[in-house]
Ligand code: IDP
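Shown next as structure tokens: one chain only, the form predicted alone.
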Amino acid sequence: MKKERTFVMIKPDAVQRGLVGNIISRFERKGIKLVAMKLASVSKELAEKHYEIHKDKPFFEPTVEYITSSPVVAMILEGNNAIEMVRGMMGATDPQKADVGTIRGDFGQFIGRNIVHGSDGPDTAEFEMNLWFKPEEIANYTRIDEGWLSE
């Protein structure tokens, strides 16, 4: 297993619905370490940079409008195979197709309000972490339970 970092954004719908603590708690209980976090009002410029890969798709503008409509919680999480593990915990992008027990399956109803975003691979994670956080905003520490999480 390789230790890696990934970017996660708790989206405006989850912030407005008071789900932030529950979502973070799920990651922490799984043994994934929180190394950076901030509540942010997202500028149009930042939202457009974040979603620039989708610039030519019909959902680009509505997504930018949605992400800038209310604060989000931006985080960097760290753990063994963190990208894959976090994506599995989030569930399918469309909450109607997400399994019960996943974040989207438990809290989401529609793809346009799907609660949370997580990087889909190492390159995306690196891009998103650098876009949202400065190096000095990322904590390097050892959690007391890390030795008990893997062989």
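From 1 onward, residues are counted along the sequence shown. A quick note: this is a predicted structure, and the numbers were derived from the prediction, not measured.
What comes next is about the form predicted in complex with the ligand, which does not appear here.
Colleague: Mind telling me which stretch in 78-86, 53-61, 24-32, 37-45 gets its heavy atoms within 4.5 Å of the ligand in the model of the complex?
Modeller: Only one stretch qualifies here: 53-61.
Colleague: At the 4.5 Å heavy atom threshold, is S70 in contact with the ligand in the model of the complex?
Modeller: Contact check for S70: no, nothing within 4.5 Å of the ligand in the model of the complex.
Colleague: My question is simply whether Y66 lines the interface with the ligand in the model of the complex - judged by any non-hydrogen atom within 4.5 Å.
Modeller: Y66 belongs to the contact set for the ligand.
Colleague: Would Q109 sit within 4.5 Å of the ligand in the model of the complex, counting heavy atoms only?
Modeller: Flag for Q109 set to no.
Colleague: Is T93 close enough to the ligand in the model of the complex to count, meaning some heavy atom within 4.5 Å?
Modeller: The answer is yes: T93 has a heavy atom within 4.5 Å of the ligand.
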